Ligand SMILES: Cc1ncc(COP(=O)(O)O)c(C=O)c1O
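We begin with a single chain expressed as structure tokens, specifically the form predicted alone.
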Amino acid sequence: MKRTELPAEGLAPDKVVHAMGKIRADDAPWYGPRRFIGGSYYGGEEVQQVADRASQDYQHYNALYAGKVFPSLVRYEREVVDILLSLLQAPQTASGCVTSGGTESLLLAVKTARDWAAAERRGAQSPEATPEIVVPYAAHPGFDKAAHLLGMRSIRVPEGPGYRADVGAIAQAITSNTVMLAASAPSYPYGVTDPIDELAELARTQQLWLHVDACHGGFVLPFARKLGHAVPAFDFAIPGVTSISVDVHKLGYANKGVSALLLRDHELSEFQHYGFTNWPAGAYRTAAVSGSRSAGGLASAWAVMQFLGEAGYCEIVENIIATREKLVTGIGRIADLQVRGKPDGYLVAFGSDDYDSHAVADGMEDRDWVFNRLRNPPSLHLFLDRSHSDSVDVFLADLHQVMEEVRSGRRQARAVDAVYAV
């Protein structure tokens, strides 16, 4: 294939826009009532406009130089972090920083735990030993990526009943090299929250770091709790939770990419930061992995938080929870289909224990529904946002018909595997 080369002469701006439009013509809409898929999250037209305008205004600002040139960015980050700490019931000693996404937040958490453990002489003390983290089976692969990049070992253990972390299995997996335990609130595959209070007690007993990945729940669970819904304990209110990651570019509705790593105690941040002084330009010190980075995501996070406020987020979360409950109830009324676990947020997985779930998925895709799939057990995987409240009845009606086709043998599965991201 011939490699694309830089054009000999540049195009006029209107021709560039036209060319981009032609390329973009093959893209599917990123949200809509038939698209139960993540990656982008729809909070409404006004929310999107506020996020886009703020992001555009700050797109060319380099957040690396916030402290020297752009005091507005210092304020935005401080206030975004303060809001998150308040939502997650953090003590006054807590602090945090903004990152580019959940994977960077997890990488920083693992790095901070590793260096904290080394300084405190906990775990992996012999020179040949490799620091380990113990990770529930359903936790995000970002933990494994972080361990790989940081010269550590990730130990995955099977989940327990209800697709939640098995505390007993995790306890058995702890060795003298373990420095960190991981938990999800909720997990991506099943949308269920791990027993974090039990894991926190285990971490305290073993003097280990416990990180809670709330990238999917950080902007759902706190508002569900404020609305009076039953929410599992998951945040800094639990003694023993050392750090939490939360993505603002998910159901916080900021533009990509903005997440945050939050620490129970500001003193722990000394193990997070990277510093270097042995070069002519002077001290280089960063809290996150990135150096130069656009401030667009940060600005959009602050703007959307100011626009929605607590009332706005509560309204959206109430809508999502009502949609989820209607969906879960409806699936439960279709013979031979089961919801996987008891979802806590906006992620729902379901399938059949007696028939081919991928055949069900094929039938729904043939009716133009878009969603993800799970491998173990084979399941359909849905993201919910406020665009789905009007389409649940149609989805359930189609699902009932497809299940009849599968049950009768008229529908057979195609050779399609589950893919999260490639």
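All residue numbers refer to positions in the sequence shown, first residue = 1. Note that the structure is a prediction, hence the values are computed from the model and not measured.
What comes next is about the form predicted in complex with this ligand, which is not displayed.
With the partner omitted here, the residue from 351, 102, 343, 297 that has a non-hydrogen atom within 4.5 angstroms of this ligand in the model of the complex is 102. This chain is drawn without this ligand; in the model of the complex, the residue among 116, 223, 188, 302 with a heavy atom within 4.5 Å of it is 188. This ligand is not shown here, and in the model of the complex it never comes within 4.5 Å of any heavy atom of residue 159. When contacts are judged by a 4.5 Å heavy atom cut-off, residue 213 counts as touching this ligand in the model of the complex.
For residue 247, a non-hydrogen atom is located within 4.5 Å of this ligand in the model of the complex, even though that partner is not displayed. Of the heavy atoms in residue 164, none are within 4.5 Å of this ligand in the model of the complex. Picking from 284-292, 84-92, 332-340, 248-256 the stretch near this ligand in the model of the complex, with a 4.5 Å limit on heavy atoms, gives 248-256.
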